[in-house]
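Before any questions on binding or motion, here is one chain by itself as structure tokens, the form predicted alone.
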Amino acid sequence: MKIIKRDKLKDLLNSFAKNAQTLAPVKENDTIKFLPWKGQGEIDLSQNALLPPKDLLFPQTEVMYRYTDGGVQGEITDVAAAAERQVIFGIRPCDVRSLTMMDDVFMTKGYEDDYYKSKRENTILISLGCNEPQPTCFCTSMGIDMMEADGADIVMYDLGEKLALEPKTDAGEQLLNDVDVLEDGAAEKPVAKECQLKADAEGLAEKLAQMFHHSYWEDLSRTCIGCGTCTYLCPTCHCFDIRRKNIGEEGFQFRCWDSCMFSEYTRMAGGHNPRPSKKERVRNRFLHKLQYFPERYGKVACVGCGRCVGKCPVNIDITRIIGELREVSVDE
């Protein structure tokens, strides 16, 4: 185990940044974001970042290839998927879990997304255990240990005036060996406070498989305003659209984040839309997380980070919905 005093944290990040792009939670305009570390800025480890770091592996906008408009003489140029080495410092256990779900989507079931895979294979994750959850957190209900993070290369503990770093992979151990600002030491793992918010999604997928036409979805959709905030803040949401941009005789194809909460997302070229109203879109959002994803990958597509609970403008709370779905009769 390695130890560093909190007032030496910038020295540690400077050391990482010499050999890899280093992203850290920095407070900017009263908002905590994962930003490239350039030697300056206010590192804030007091709570999780507003936006999950999924955009570091799955950018909000990403060029896929470029082309020239020359008829049969036109050329297509692939955009290199090779990614630079990066270190994500201070990622929370819930967000580490979300990246394992993104791995499922982009690198399993017979398909590998080269753009995502390249970034993922060149990324080192340094997680930070949560000593005190936020009021909207419920990660423990999703089977997450607030101090540990399966999938992280290094697990870090907040000891107050010091931070303790424990390597979990060879890549993590090598990264710590390459810096000279750390001291050898030992420390007891802090005991995290308990999440106040609870949810029990165990076995819910089987019940939801019988509730596609249930009246519950119509009732729930009356509250939703379809803003899509929940999907953009969610660390496991991964809907995207593919678009083209022409500039003179050249152009490029790119993909960008989209949301299943928007009516255009499923609208087809002929005008038909299989999810024409909020009822279908709200239903899809929750069935995807609680039924479809568990059926395909064996896990609920929610990590209990609480971002959607905290930022939904009409207070739609997935923990309350899970509780209601457990109670409602499938025959109603």
Partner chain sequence: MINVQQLRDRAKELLESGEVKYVFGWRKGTFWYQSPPVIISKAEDADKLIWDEFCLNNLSKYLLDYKNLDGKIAIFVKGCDSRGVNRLIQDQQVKRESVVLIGLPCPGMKDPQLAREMGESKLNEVPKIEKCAQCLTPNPVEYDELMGDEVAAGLAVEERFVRVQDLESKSADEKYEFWQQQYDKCIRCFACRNVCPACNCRECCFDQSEPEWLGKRVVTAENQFFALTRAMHVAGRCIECGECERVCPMDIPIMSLNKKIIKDINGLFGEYDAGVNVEDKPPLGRFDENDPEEFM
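Owing to the predicted nature of the structure, the values given are computational and were not obtained by experimental measurement. Positions refer to the first chain, counted from 1.
Keep in mind that the form predicted in complex with its partner chain is missing from the display, and what follows is about it.
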*asked:* If contact means a heavy atom within 4.5 Å, which one of 183 to 191, 101 to 109, 199 to 207, 249 to 257 is the stretch that engages its partner chain in the predicted bound form?
replied: 249 to 257
*Though its partner chain is not shown, can you say which of Lys27, His288, Lys299, Lys278 has a heavy atom within 4.5 Å of it in the predicted bound form?*
Lys278
_If the cut-off is 4.5 angstroms on heavy atoms, which of these, Thr223, Thr169, Asn177, Thr77, is the one near its partner chain in the predicted bound form?_
Thr223
*Could you tell me if Pro135 has a non-hydrogen atom within 4.5 Å of its partner chain in the predicted bound form?*
yes
_With the partner left out here, check for me: in the predicted bound form, does some heavy atom of Val309 sit within 4.5 Å of its partner chain?_
yes
*Within a 4.5 Å heavy atom cut-off, is Gly129 in contact with its partner chain in the predicted bound form?*
no
*Would you check, heavy atoms only and a 4.5 Å threshold, whether Thr68 touches its partner chain in the predicted bound form?*
no
*Going by heavy atoms, what in 294 to 329 lies within 4.5 angstroms of its partner chain in the predicted bound form?*
Val309, Lys311, Pro313, Val314, Asn315, Asp317, Arg320
